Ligand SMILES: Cc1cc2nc3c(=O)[nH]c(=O)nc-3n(C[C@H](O)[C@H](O)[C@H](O)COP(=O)(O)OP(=O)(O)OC[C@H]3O[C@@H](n4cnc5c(N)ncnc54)[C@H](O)[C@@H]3O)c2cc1C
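Just the one chain here, laid out as structure tokens, in the form predicted alone.
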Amino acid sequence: MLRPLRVYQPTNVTEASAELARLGDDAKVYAGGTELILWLRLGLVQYTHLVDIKRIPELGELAWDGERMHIGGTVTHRHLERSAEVAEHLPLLQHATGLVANVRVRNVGTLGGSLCFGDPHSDPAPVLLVYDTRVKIGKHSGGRTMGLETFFMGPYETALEPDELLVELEVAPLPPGMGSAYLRAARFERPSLGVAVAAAQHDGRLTDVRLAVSCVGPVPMRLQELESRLQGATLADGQQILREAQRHYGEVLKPVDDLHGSVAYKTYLTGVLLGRALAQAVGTNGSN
């Protein structure tokens, strides 16, 4: 049963932040609402006020400036999936957003809202990590920018303060010559495990490798130590390193047993999928 809620509809980021500051713990930002409304109906969270940010024009903008894509906080998954500019400059993101839940969810669910919800089981998050995405955060008294890797703090927890909004994502395409891939294991329209890889190959050796994993532990993560170990390796050696890195996955990703699988299953499958994604990224099926 959904309890009565008072909804505020500010027209700019300053107004929205000020309302959040005034209302405190009784309020929550409302964008697509696909997960928030479900949690409210189930009684998992309780709010008396929603701050609807869909009428803030800048948050709905999707623009390419010649160097990077600017994705407003309320841009929907479907918009990204169907955008010709995203397909041209960030094809892996287009692919990942097209896997989110179902068309009905993608039509109303927003990329920014999904990231702010902090669900560890996210398709776009690892892809955005290999794109070295930066997050622009706004509030009534100013703003700040941070790397996406520091935005995630824990399951359903982000670096946002109660009166802050995710205003924009800044996403730069991969350098020329790099291929990329996103692979997932999924159950009931939700990823049980997702891996994103970007890499290049020169004279049979791996260069500029980027690895990111989601759904295994509390937050999506880049595997920077393994990235360094793969530099200069052959593809076969790189895949072997990834298959044998079970202890590393356990220490860094901090996997947990849940309905999506045991720790042993998740760490094993992480190595398998990373190896396959690496081969796809540097092979003929790789794309930028």
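For every residue, the number given is its place in the sequence shown, counted from 1. Nothing here was measured: the structure is a model prediction, and the numbers come from that model.
Although not depicted, the form predicted together with the named molecule is the subject of the following passage.
Student: Contact check in the predicted bound form: 28, 121 and 164 versus the named molecule, with a cutoff of 4.5 Å between any heavy atoms. Do all three pass?
Tutor: Every residue of the spot touches the named molecule in the predicted bound form.
Student: Heavy atoms within 4.5 Å of the named molecule in the predicted bound form: which stretch in 82-90, 197-205, 97-105, 171-179 meets that?
Tutor: Partner-contacting stretch among the options: 97-105.
Student: So in the predicted bound form, does residue 33 come within 4.5 Å of the named molecule, heavy atom to heavy atom?
Tutor: Yes, residue 33 lies within 4.5 Å of the named molecule in the predicted bound form.
Student: Residue-level question: is residue 78 within 4.5 Å of the named molecule in the predicted bound form, judged on heavy atoms?
Tutor: Taking the distances in the predicted bound form, the answer for residue 78 is no, it never comes within 4.5 Å of the named molecule.
Student: Using heavy atoms and a 4.5 Å limit, would one call residue 157 a contact residue for the named molecule in the predicted bound form?
Tutor: No, residue 157 is distant from the partner.
Student: Is residue 53 part of the interface with the named molecule in the predicted bound form - any heavy atom within 4.5 Å?
Tutor: Because a heavy atom of residue 53 falls inside 4.5 Å of the named molecule in the predicted bound form, the answer is yes.
Student: Where, within 176-195, is there a heavy atom within 4.5 Å of the named molecule in the predicted bound form? Residue list please.
Tutor: Heavy-atom contacts to the named molecule in the predicted bound form: 184, 189, 190, 191.
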